[in-house]
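Listed next as structure tokens is one chain, alone, in the form predicted on its own.
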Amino acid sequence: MSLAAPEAPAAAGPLAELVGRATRLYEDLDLKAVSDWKAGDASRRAIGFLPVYVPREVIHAAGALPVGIMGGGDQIEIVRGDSYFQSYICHLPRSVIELAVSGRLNALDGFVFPSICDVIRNLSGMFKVLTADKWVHYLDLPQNFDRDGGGTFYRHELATIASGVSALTGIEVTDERLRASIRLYNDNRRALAELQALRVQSPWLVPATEYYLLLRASYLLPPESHTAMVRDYMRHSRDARRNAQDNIRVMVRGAFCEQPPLGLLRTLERAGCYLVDDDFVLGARFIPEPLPEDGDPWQALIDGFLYRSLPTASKYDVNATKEADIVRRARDVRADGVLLIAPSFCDPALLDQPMLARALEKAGIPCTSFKYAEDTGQFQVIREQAGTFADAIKLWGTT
């Protein structure tokens, strides 16, 4: 197992306060932050959405707060959730059901379920029964990536979401309001891109757990509040006295939906790995580049999804090449190796793994793979595997 250098000093002062706030948001399974936001105005509404991607700009333009539902992680014990699903699926939907039946999602006025797998489709149907008094929409994302085909279909889906949320808020999604929302989320995209650039340049200044907590905060805060939070973090992080460690640079792929527990991220860093790129909380940066802020805002969202969105196992684009994408990205972030990690029973991620591994091996980029669940509590085996991976790269430049 890797004998990595000691961990960088923990955050202190204003940086610690900011990380503490992000941690409290991460632990806020009862959505108190959402309830507090709604309490500011009796007309406010909040719409929950499941991973991976939904057009948050449309929800925001309709006057509602988009709230990401990422499961209960390792913070809740599943009592009733297991009775709704078979045992051979991923852990996420069972913990989401547990959140719903225990009343932890009561602050939400509606739900959007994007079409990423059969399990989420079934979960959408269950919510229509469990939350019959709330608006529930299954978002069919386009599988045709042609503007006239999939684009026309997606425009109809966007209009359906706008109509459904507007019925709750009484606010019509006009072109002007949608452009204003796009501007706010573009600011957020720019801030997250700057944070990612800092992470690639100096990963010891942006520990994986802190980066992840910042991404999770974007699913509970209004976009302008989250953008300010990210920029404050970068300012304080650059001033922090953190020194570089003798870690390798790794890229992570496969965690786009069910999220790894924080303990797993700490384990990887303690095993000698700097996480310089990943697909955690992918919906927060699924369209990484700013969208056009003039012209037809609906078309801007459509083209953003069709032509600018990141590659992922939950999206099949016949014109895209995931193999070339992962190799190119690994080289862009100067990764020494790639960790292909996936939740247990995640069909999209596990089906992609062999293809991605072959592409990396052909390109001469070391990689290794393992599985996890959002409530994983034992990390010794993973630490040994990651540590061996890091040691092999340090010693021989290969695994």
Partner chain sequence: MTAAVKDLSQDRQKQMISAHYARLARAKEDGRKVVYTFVPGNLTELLNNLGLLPVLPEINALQSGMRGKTGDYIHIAEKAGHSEDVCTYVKADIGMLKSGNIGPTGEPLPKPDLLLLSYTGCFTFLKWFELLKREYDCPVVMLHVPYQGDGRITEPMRRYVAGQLRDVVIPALETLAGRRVDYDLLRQQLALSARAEDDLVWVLQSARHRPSPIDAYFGGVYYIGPIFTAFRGTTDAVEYYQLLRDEIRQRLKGGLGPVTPEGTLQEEKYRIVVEGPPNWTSFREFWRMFYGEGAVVVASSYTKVGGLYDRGFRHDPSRPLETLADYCMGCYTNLNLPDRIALLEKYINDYAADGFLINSVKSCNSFSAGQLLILRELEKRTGRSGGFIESDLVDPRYFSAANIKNRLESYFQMVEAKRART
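Numbering follows the first chain given and starts at 1. Note that this is a predicted model, so its numbers are computed, not measured.
One more form of this protein exists, namely the form predicted in complex with its partner chain; it is left out here, but the text below deals with it.
_The chain here is shown without its partner chain. Which stretch in 190 to 198, 287 to 295, 214 to 222, 124 to 132 comes within 4.5 angstroms of it in the model of the complex, by heavy atom distance?_
Stretch 124 to 132 is the one.
*Heavy atom within 4.5 Å of its partner chain in the model of the complex - residue from Ser166, Gln245, Gln299, Ser115*: Filtering the options by heavy-atom distance leaves Ser115.
*Between the options Arg249, Lys322, Arg177, His236, which residue brings a heavy atom to within 4.5 Å of its partner chain in the model of the complex?*
Contact residue from the list: Lys322.
_Output flag, Leu18, Trp37 and Ile182 jointly within 4.5 Å of its partner chain in the model of the complex, heavy atom basis_ = No, none of the three is in contact.
*Does its partner chain get within 4.5 angstroms of any non-hydrogen atom of Ser202 in the model of the complex?*
Answer no; every heavy atom of Ser202 is more than 4.5 Å from its partner chain in the model of the complex.
*Does the 4.5 Å heavy atom contact test between Arg44 and its partner chain in the model of the complex come out positive?*
Contact with its partner chain, no.
*For Tyr138, is any heavy atom within 4.5 Å of its partner chain in the model of the complex, or not?*
Although its partner chain is absent here, Tyr138 would touch it in the model of the complex, with heavy atoms inside 4.5 Å.
_My question is simply whether Arg331 lines the interface with its partner chain in the model of the complex - judged by any non-hydrogen atom within 4.5 Å._
No, Arg331 sits far enough from its partner chain in the model of the complex that none of its heavy atoms falls within 4.5 Å.
*Could you run down 137 to 153 and flag each residue that has a heavy atom within 4.5 Å of its partner chain in the model of the complex?*
Contacts from 137 to 153: His137, Tyr138, Asp140, Leu141, Pro142, Gln143, Asn144, Gly149, Gly150, Phe153.
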